[in-house]
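Shown here is one chain on its own, the form predicted alone, set out as structure tokens.
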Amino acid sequence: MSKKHIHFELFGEQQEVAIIRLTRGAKRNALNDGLILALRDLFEKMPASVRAAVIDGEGEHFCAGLDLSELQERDASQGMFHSRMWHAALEHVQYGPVPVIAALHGAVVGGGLELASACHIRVADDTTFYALPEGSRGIFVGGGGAVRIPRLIGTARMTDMMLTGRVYDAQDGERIGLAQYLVPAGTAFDKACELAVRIADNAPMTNYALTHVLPRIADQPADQGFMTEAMMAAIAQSAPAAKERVRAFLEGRAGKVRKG
């Protein structure tokens, strides 16, 4: 299935992985409202077979940010509502039906970094670089970056990126937490798909707990977090899939954790 500037297909033996590719390669996959709304719609209407998703970018770059050629003049209230529309759309990525892995390469800049930060796992290849040029352009992040990016790298590092225009390369980006995996050039998509297939095999309630509940626990005071954890643990272990997996382990039918 293809919409304007976005391609969607299913992958895996049970069609359990959704591949979502930005296809504005000529524009370095710069984001516009149509593309953001298409992402929202895809996650709202994800097929029931899907258990994990991969977001990728066509061409040499994952996403070079907001398409400034389509930037409209807005008064303060219009600007606020426009930002809130982006927030709602990217909420469907972060708190949608399945875990999402971003396959990063080339530019991950501005709104592209905001999109990547809404994903649950980020795999970068050696060509990846990160920047937040909004500060030099007299604007401010508006797609959720002010909330999500400091949770990855800290407020001080994001402040530095925006004040000075600092660009992080792939190695330093992985070191500070912008990506969890760093792979050779041209292999981020393959690694993301490999992880997606592995994640899709998890118990659905465990994946839900990790993507929907764990981030909220992190925002709670410790006493509330402990209570939320206890309730989620009770719900997860009561699921039939969890009981079967524990039984398989106890009976020697499941693999043990090994190094590497």
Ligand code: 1HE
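Since the model is a prediction, treat every value here as computed from it, not as a measurement. In this text, residue numbers run from 1 along the sequence as written.
FYI, the form predicted together with the ligand isn't displayed, but the following is about it.
**Q** Consider G173 of the chain shown here, and say whether it contacts the ligand in the predicted complex, taking contact as heavy atoms within 4.5 Å.
**A** Judged by the heavy-atom cut-off of 4.5 Å, G173 is well away from the ligand in the predicted complex.
**Q** Residue-level question: is R137 within 4.5 Å of the ligand in the predicted complex, judged on heavy atoms?
**A** Yes.
**Q** Would you classify G57 as touching the ligand in the predicted complex, given a 4.5 Å non-hydrogen atom cut-off?
**A** Taking the distances in the predicted complex, the answer for G57 is no, it never comes within 4.5 Å of the ligand.
**Q** Heavy atom to heavy atom, is A222 within 4.5 Å of the ligand in the predicted complex?
**A** Flag for A222 set to no.
**Q** With the partner removed from view, which of 97-105, 183-191, 126-134, 151-159 is the stretch that lies within 4.5 Å of the ligand in the predicted complex, judged by heavy atom distances?
**A** Contact-bearing stretch, as computed: 126-134.
**Q** Work out which of A218, A234, L68, A48 lies within 4.5 Å of the ligand in the predicted complex, going by heavy atoms.
**A** The residue from A218, A234, L68, A48 that makes the contact is L68.
**Q** Listed by sequence position, which residues of 153-185 have a non-hydrogen atom within 4.5 angstroms of the ligand in the predicted complex?
**A** None of them.
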